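Next up is one chain by itself, shown in structure tokens, the form predicted on its own.
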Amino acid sequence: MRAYTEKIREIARRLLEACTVERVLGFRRGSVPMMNAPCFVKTPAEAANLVWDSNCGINLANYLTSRSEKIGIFAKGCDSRNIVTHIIENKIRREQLVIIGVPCHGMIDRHRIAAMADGEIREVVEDENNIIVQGDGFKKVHNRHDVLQANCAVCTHRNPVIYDELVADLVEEPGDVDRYRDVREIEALSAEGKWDFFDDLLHDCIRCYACRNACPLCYCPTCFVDESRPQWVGKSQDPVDVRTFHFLRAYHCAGRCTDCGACERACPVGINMRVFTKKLEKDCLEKFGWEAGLSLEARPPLDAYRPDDPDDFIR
């Protein structure tokens, strides 16, 4: 995907020189390895700062909420699906956007790579098939496919669903992926087993809200965890408060989550909170035939009433 960089810079320069957009949203090189940073480019000269590689996992749709200017945005498959959701939910207008689609081969898991390193990582470079990690006194080469983010390994929408132009040719979508195997394994546990699983999963949560802040769906002016009149959830590290935060946030994302992995990528302690949203994603698919962000025409299942909606829950 490194070959995308020059094309991305060329497109950004062209859009800004022609005043087609007021600014372009993309990525610049981060200050530490595997942490490229979102950035707004406002002049043609600044387009030279844009990059694209396997460390662009942050969902750029998170930076579109309630903006008023004309924006060019580089969008992976999951980014574009969240852009669709933003448009449907009236957080941005389609005519404000020039969407440059970026067919995606998946982003690498910085937590997993760091855990396998023999010290502090100083540099990470990549070629078509490998990720080369270097630090003080060590060098490791990983097959790129083996260190993908978990959501990328099961992604079936790698191509953008809406776009005005493309950075490269569309990639082949995988057709033999079992997206919900981990969810079914949890569903098969006993009630006690499920309790133990989630108790262990959330044990290390420090309530930093990085997952919420990284999520493109969490744009409420005041989050329920910050409300004081009434106070919906405590501010402490009490396990009940921790569980309440994660479960309620997941339900707020029901029928809207695209499994972009931004929450898990942002978590400083490596919690896989995607298991919450993936369960709800699976239920929406099985009960309503719904996948979030694929169409500007269809309303989400929790946003519309149908006479044939499932009603087993009331029996």
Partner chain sequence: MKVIYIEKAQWASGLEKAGDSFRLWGPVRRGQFYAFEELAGGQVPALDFRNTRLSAKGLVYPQSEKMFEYTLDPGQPDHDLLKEAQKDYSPRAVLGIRPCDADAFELVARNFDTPEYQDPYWLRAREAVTLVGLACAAPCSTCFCTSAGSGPFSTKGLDILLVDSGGNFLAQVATPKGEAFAQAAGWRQPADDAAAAEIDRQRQVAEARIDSHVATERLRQQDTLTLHAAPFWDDVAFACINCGTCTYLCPTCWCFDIQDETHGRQGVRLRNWDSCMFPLFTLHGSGHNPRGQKVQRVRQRFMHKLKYYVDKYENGIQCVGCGRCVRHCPVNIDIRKVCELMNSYTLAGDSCAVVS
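Just so it is clear, the model here is predicted, and its values are computed rather than measured. Numbering follows the first chain given and starts at 1.
Although not depicted, the form predicted in complex with the partner chain is the subject of the following passage.
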Choose one stretch from 149-157, 95-103, 113-121, 76-84: the one whose residues place a heavy atom within 4.5 angstroms of the partner chain in the model of the complex.
113-121
Can you work out which of Asp226, Asp169, Glu172, Glu165 has a heavy atom no more than 4.5 Å from the partner chain in the model of the complex?
Asp226
Only one of Asp200, Asp178, Glu185, Glu128 gets a heavy atom within 4.5 Å of the partner chain in the model of the complex. Which one?
Asp200
Given that the partner chain is not shown alongside this chain, does Arg28 nevertheless sit within 4.5 Å of it in the model of the complex, heavy atom to heavy atom?
yes
Please determine whether Ile108 contacts the partner chain in the model of the complex, using a 4.5 Å cut-off between heavy atoms.
no
Wondering, does Gly289 line up within 4.5 Å of the partner chain in the model of the complex on heavy atoms?
no
Touches the partner chain in the model of the complex: Glu89 (any heavy atom, 4.5 Å)
no
Using heavy atoms only and a 4.5 Å cut-off, decide whether all three of Arg207, Asn213 and Ser236 touch the partner chain in the model of the complex.
yes
Using a 4.5 Å heavy atom cutoff, which residues in 25-39 contact the partner chain in the model of the complex? It's fine if the answer is none.
Leu25, Arg28, Gly30, Ser31, Val32, Met35, Ala37, Pro38, Cys39
